[in-house]
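Consider the single chain below, provided in structure tokens and representing the form predicted on its own.
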Amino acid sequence: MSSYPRLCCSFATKPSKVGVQYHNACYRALGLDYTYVAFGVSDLPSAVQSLRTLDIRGCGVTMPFKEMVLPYLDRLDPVAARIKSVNTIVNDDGQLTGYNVDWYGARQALQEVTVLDGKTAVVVGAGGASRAVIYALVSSGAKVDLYNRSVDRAQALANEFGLLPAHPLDELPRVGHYDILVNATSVGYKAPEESIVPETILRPGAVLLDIVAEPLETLLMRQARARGMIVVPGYRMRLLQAAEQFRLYTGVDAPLAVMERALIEATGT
């Protein structure tokens, strides 16, 4: 048996220290002989093949590769096939399986504060993250109204998931009743004074999930708290999907408190 640790990694256009820090913190806490590194990728097919060649156990996949990677995998987990997006690859003796655990993180983060069945959710955005959020909501019994700048793209997504007719973003100020509001766009990422959601539609007692994980608190989250909303920060979704990713790589549960501390430290206060 090799004396080298099992290697896990992430693929991104620009490598990030965040996943490296929280995965490795968990490996150390549990005494696992694993190590995690981040790769900047410009040639996706070759990068995927390297997982087989170098016997890399698992790989996290970030935008813009979550949909592009699908043709290079051997199989898809049924949920990833439904969402048509992969953020986790597991290598079993050269057989690469694609998973999507973004939906799991979204569902678990929301279920920490509310019941999803029978609720009405407004989702802003129709990109890859939105696909995962919509699956999490619909599969849990929620009704979803979708808003996006490109209404054609949003309508195609709405049709795919059997939603109500989609709305253009400029109709968001006139939104009707909702129980849950999700910002599934990247607006606010590393831009703590930007928001795509009008402050006027924020409603006391409703739940907000802002999927933006950096900064830890966005303008939208601050405004929502001030309006009396129940706020689910994006880092919580990131944490819970990372814990599921860790389990897929190692076969053991992540030490969640260790992972959370490392994530917050890496992301910044």
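Computed from a predicted structure; not experimentally measured. Numbering starts at 1 and runs along the sequence shown.
There is another form of this protein, the form predicted together with a small molecule, and it is not shown here; the text below is about that form.
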(request) Using heavy atoms only and a 4.5 Å cut-off, determine which of 129, 182, 144, 86 is in contact with the small molecule in the model of the complex. (result) 129
(request) Name the single residue among 186, 108, 120, 97 that comes within 4.5 Å of the small molecule in the model of the complex, judging by heavy atoms. (result) 186
(message) Just checking whether residue 153 would be counted as a contact of the small molecule in the model of the complex - the rule being heavy atoms within 4.5 angstroms.
(response) yes
(message) Does any part of residue 148 reach within 4.5 Å of the small molecule in the model of the complex? Heavy atoms only, please.
(response) yes
(request) State yes or no: in the model of the complex, is some non-hydrogen atom of residue 68 no more than 4.5 angstroms from a non-hydrogen atom of the small molecule? (result) no
(request) Determine whether any heavy atom of residue 63 comes within 4.5 Å of a heavy atom of the small molecule in the model of the complex, and answer yes or no. (result) yes
(request) Please state whether every one of the three residues 125, 169 and 196 places a non-hydrogen atom within 4.5 angstroms of the small molecule in the model of the complex. (result) yes
(request) Within 4.5 Å of the small molecule in the model of the complex, counting heavy atoms only, one of 108-116, 135-143, 186-194, 171-179 shows up; tell me which. (result) 186-194
